[in-house]
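Here's a solo chain for you in C-alpha coordinates, the form predicted alone.
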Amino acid sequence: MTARPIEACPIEDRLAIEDLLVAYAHAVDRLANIDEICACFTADAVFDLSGIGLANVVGHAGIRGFFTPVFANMAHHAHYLSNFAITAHDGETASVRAYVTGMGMGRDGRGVTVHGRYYFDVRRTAQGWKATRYAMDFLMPLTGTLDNAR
(Lines give C-alpha, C1' and ligand atoms only; values in the text may rest on other atoms or scores of the structure.)
Protein backbone atom coordinates (compact mmCIF):
# COMPACT_ATOMS: atom_id res chain seq x y z
CA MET A 1 0.00 0.00 0.00
CA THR A 2 1.02 3.64 0.05
CA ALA A 3 4.08 4.43 2.15
CA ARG A 4 3.58 7.47 4.37
CA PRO A 5 5.27 8.62 7.53
CA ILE A 6 3.72 7.03 10.59
CA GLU A 7 2.65 9.32 13.37
CA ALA A 8 0.95 8.11 16.50
CA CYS A 9 -2.54 6.97 15.59
CA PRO A 10 -5.10 8.16 18.15
CA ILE A 11 -7.15 5.30 19.56
CA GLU A 12 -10.35 6.95 18.24
CA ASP A 13 -8.97 6.79 14.69
CA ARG A 14 -7.73 3.23 15.14
CA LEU A 15 -11.13 2.04 16.37
CA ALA A 16 -12.98 3.91 13.61
CA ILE A 17 -10.69 2.39 10.96
CA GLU A 18 -11.14 -1.11 12.43
CA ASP A 19 -14.90 -0.51 12.46
CA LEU A 20 -14.72 0.34 8.75
CA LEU A 21 -13.08 -3.01 7.96
CA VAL A 22 -15.62 -4.84 10.11
CA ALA A 23 -18.47 -2.97 8.34
CA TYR A 24 -17.04 -4.09 4.98
CA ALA A 25 -16.82 -7.75 6.06
CA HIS A 26 -20.32 -7.61 7.55
CA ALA A 27 -21.76 -6.10 4.36
CA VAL A 28 -20.10 -8.76 2.21
CA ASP A 29 -21.37 -11.55 4.47
CA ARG A 30 -24.96 -10.29 4.34
CA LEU A 31 -25.06 -10.97 0.57
CA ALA A 32 -27.94 -8.51 0.41
CA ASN A 33 -27.02 -4.88 -0.26
CA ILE A 34 -24.13 -3.82 -2.47
CA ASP A 35 -24.75 -0.17 -1.50
CA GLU A 36 -23.69 -1.17 2.02
CA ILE A 37 -20.33 -2.30 0.61
CA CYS A 38 -19.94 0.81 -1.55
CA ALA A 39 -20.59 2.98 1.53
CA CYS A 40 -17.26 1.73 2.92
CA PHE A 41 -15.35 3.18 -0.07
CA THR A 42 -14.74 6.55 -1.68
CA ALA A 43 -16.38 6.99 -5.08
CA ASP A 44 -12.98 6.59 -6.82
CA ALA A 45 -11.61 3.73 -4.72
CA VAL A 46 -9.35 1.11 -6.27
CA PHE A 47 -10.48 -2.45 -5.50
CA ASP A 48 -7.26 -4.35 -6.27
CA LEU A 49 -7.90 -8.09 -6.60
CA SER A 50 -4.65 -8.91 -8.43
CA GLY A 51 -3.17 -10.51 -5.29
CA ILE A 52 -5.82 -13.24 -5.50
CA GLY A 53 -5.82 -13.64 -9.26
CA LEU A 54 -8.91 -11.60 -10.09
CA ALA A 55 -9.28 -8.40 -12.12
CA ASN A 56 -9.01 -4.98 -10.48
CA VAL A 57 -12.02 -2.68 -10.44
CA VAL A 58 -12.34 1.05 -9.79
CA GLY A 59 -15.03 3.11 -8.11
CA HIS A 60 -18.49 2.25 -6.90
CA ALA A 61 -19.53 1.09 -10.38
CA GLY A 62 -16.60 -1.33 -10.50
CA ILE A 63 -17.27 -2.60 -6.97
CA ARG A 64 -20.95 -3.04 -7.83
CA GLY A 65 -19.97 -4.91 -11.00
CA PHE A 66 -17.73 -7.23 -9.01
CA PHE A 67 -20.25 -8.01 -6.25
CA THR A 68 -23.35 -8.41 -8.45
CA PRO A 69 -22.37 -11.92 -9.65
CA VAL A 70 -20.90 -12.77 -6.22
CA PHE A 71 -24.25 -12.05 -4.56
CA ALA A 72 -26.10 -13.93 -7.32
CA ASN A 73 -23.83 -17.00 -7.06
CA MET A 74 -23.18 -17.28 -3.31
CA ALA A 75 -25.52 -18.73 -0.70
CA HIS A 76 -23.38 -18.13 2.41
CA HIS A 77 -20.36 -16.03 3.40
CA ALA A 78 -18.45 -15.67 6.66
CA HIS A 79 -15.40 -13.46 7.21
CA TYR A 80 -13.40 -13.25 10.43
CA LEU A 81 -10.88 -10.41 10.88
CA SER A 82 -7.97 -10.28 13.31
CA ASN A 83 -4.42 -8.97 13.80
CA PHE A 84 -5.31 -5.37 12.90
CA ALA A 85 -2.25 -3.17 12.40
CA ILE A 86 -2.15 0.50 11.47
CA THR A 87 0.88 0.61 9.18
CA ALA A 88 0.72 4.31 8.26
CA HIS A 89 -1.14 7.31 9.66
CA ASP A 90 -0.81 11.05 9.10
CA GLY A 91 -4.05 12.29 10.65
CA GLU A 92 -6.08 12.43 7.43
CA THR A 93 -5.03 9.20 5.73
CA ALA A 94 -3.93 5.82 7.01
CA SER A 95 -3.09 2.29 5.95
CA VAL A 96 -4.20 -0.81 7.81
CA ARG A 97 -3.51 -4.51 7.50
CA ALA A 98 -5.75 -7.23 8.94
CA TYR A 99 -5.75 -10.99 8.71
CA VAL A 100 -8.89 -12.55 7.26
CA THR A 101 -10.36 -16.02 7.24
CA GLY A 102 -13.19 -16.10 4.74
CA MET A 103 -15.53 -18.92 3.83
CA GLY A 104 -18.19 -19.12 1.21
CA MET A 105 -20.68 -21.61 -0.11
CA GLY A 106 -21.99 -21.15 -3.62
CA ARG A 107 -25.57 -21.83 -4.64
CA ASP A 108 -24.06 -24.67 -6.68
CA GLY A 109 -22.76 -26.30 -3.47
CA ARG A 110 -19.09 -25.52 -4.12
CA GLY A 111 -17.21 -23.91 -1.28
CA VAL A 112 -14.09 -21.88 -0.73
CA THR A 113 -11.95 -21.07 2.30
CA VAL A 114 -9.51 -18.18 2.19
CA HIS A 115 -6.76 -17.41 4.69
CA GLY A 116 -5.18 -14.08 3.83
CA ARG A 117 -4.51 -10.47 4.59
CA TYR A 118 -6.54 -7.38 3.79
CA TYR A 119 -4.74 -4.12 3.04
CA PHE A 120 -6.76 -0.91 3.11
CA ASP A 121 -5.70 2.67 2.47
CA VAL A 122 -8.26 4.96 4.07
CA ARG A 123 -9.04 8.66 4.16
CA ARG A 124 -10.95 10.76 6.66
CA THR A 125 -14.07 12.20 5.02
CA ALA A 126 -17.06 14.20 6.22
CA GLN A 127 -18.84 10.83 6.57
CA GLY A 128 -15.97 9.27 8.56
CA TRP A 129 -13.14 7.02 7.39
CA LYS A 130 -13.58 5.58 3.90
CA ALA A 131 -11.38 3.18 1.94
CA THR A 132 -9.54 4.59 -1.07
CA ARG A 133 -7.78 1.34 -1.91
CA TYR A 134 -8.34 -2.30 -1.01
CA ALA A 135 -6.09 -5.26 -1.75
CA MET A 136 -5.77 -8.82 -0.50
CA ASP A 137 -3.30 -11.67 -0.64
CA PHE A 138 -3.32 -15.30 0.44
CA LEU A 139 -1.42 -16.66 3.44
CA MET A 140 -2.34 -20.29 2.79
CA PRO A 141 -3.15 -22.18 -0.39
CA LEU A 142 -6.71 -21.65 -1.51
CA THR A 143 -9.13 -24.44 -0.73
CA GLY A 144 -12.07 -24.51 -3.10
CA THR A 145 -12.70 -22.18 -6.00
CA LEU A 146 -13.17 -18.46 -6.65
CA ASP A 147 -15.32 -19.27 -9.71
CA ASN A 148 -18.40 -17.98 -7.90
CA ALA A 149 -16.73 -14.55 -7.68
CA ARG A 150 -16.75 -14.22 -11.46
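Keep in mind that what you see is a predicted model, and the values were worked out from it rather than measured. The first residue of the sequence shown is number 1, and the count goes up from there.
Missing here is the form predicted in complex with another copy of the chain; even so, the following discussion is about that form.
**Q** Look at the candidate spot formed by 78, 81 and 99 and say whether another copy of the chain comes within 4.5 Å of a heavy atom in all three of them in the predicted bound form.
**A** Contact check passed for all of 78, 81 and 99.
**Q** Please tell me which of 38, 88, 105, 49 lies within 4.5 Å of another copy of the chain in the predicted bound form, judged by heavy atoms.
**A** Contact with another copy of the chain in the predicted bound form is made by 105 alone.
**Q** Looking at 38-46, 88-96, 56-64, 113-121, which stretch has residues with any non-hydrogen atom within 4.5 Å of another copy of the chain in the predicted bound form?
**A** The contacting stretch here is 113-121.
**Q** How about residue 131: is it within 4.5 Å of another copy of the chain in the predicted bound form, going by heavy atoms?
**A** No - in the predicted bound form, heavy atoms of residue 131 and another copy of the chain never come within 4.5 Å of each other.
**Q** Is residue 22 a contact residue for another copy of the chain in the predicted bound form, using a 4.5 Å heavy atom cut-off?
**A** Residue 22: contacts another copy of the chain in the predicted bound form.
**Q** Pull the contact list for 28-52: residues with a heavy atom within 4.5 Å of another copy of the chain in the predicted bound form, in sequence order.
**A** Going through 28-52 in order - heavy atoms within 4.5 Å of another copy of the chain in the predicted bound form - the hits are 29, 30.
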